[in-house]
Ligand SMILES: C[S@@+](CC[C@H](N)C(=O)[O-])C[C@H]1O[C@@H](n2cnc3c(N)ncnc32)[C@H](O)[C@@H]1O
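Just one chain follows, in the form predicted alone, and it is written as structure tokens.
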């Protein structure tokens, strides 16, 4: 199955993390596409040049592509050395994509979604800027996930330390974490916030929690 890579950044990340899966790159202007590579991603310049064909591109960067989906890696649901991100029934594809982008940047082991949203929906891919190719991204059920479950919720106890094999759960934009997840969680945890601020955007909360883990690990 193939997916569309919309824009230079999506193409760049697919070429960087899974070059063998990229099947076609279309560029409105080859010199302009190569100039983007030189400025932003010189490491993928030669690969882009080898695959690029001129054509009409409906994206401001003048670059788009087509790539195969990677083979699904479900091992992260049960074994890992970095936290797994679990999105509990996310409703907004752009937010889910932003969460995948954060998880890839923080070197999480993967991103799994509970609920009906397709993690490879075009709008999720767009929000993630192609970083689906940097880590496993999949749907799952709660029963498939093992390891210490930390559910992020404004009413939880302070976050504290995050184990390397933790499952960091972020709830949906309106409802928060579900009762099922809350019941299953080993800890319901919160981020320190100024009094009067009730919540953070899904990807912002996830970013704070993942970087708390990453910074404590490096220290």
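Just so it is clear, the model here is predicted, and its values are computed rather than measured. Positions refer to the first chain, counted from 1.
The protein also exists as the form predicted in complex with the named molecule; that form is not presented, and the subsequent description refers to it.
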In the predicted complex, the residue from 193, 35, 66, 49 that sits within 4.5 Å of the named molecule by heavy atoms
193
Only hit among 181, 27, 167, 152 for heavy atom within 4.5 Å of the named molecule in the predicted complex is 152
Given that the named molecule is not shown alongside this chain, does residue 62 nevertheless sit within 4.5 Å of it in the predicted complex, heavy atom to heavy atom?
no
Does any part of residue 173 reach within 4.5 Å of the named molecule in the predicted complex? Heavy atoms only, please.
yes
Should residue 162 be counted as a contact of the named molecule in the predicted complex, where contact means heavy atoms within 4.5 Å?
no
Whether residue 202 contacts the named molecule in the predicted complex should be assessed with a 4.5 Å heavy atom distance threshold; does it?
yes
Only one of 185 to 193, 66 to 74, 37 to 45, 50 to 58 gets a heavy atom within 4.5 Å of the named molecule in the predicted complex; which is it?
185 to 193
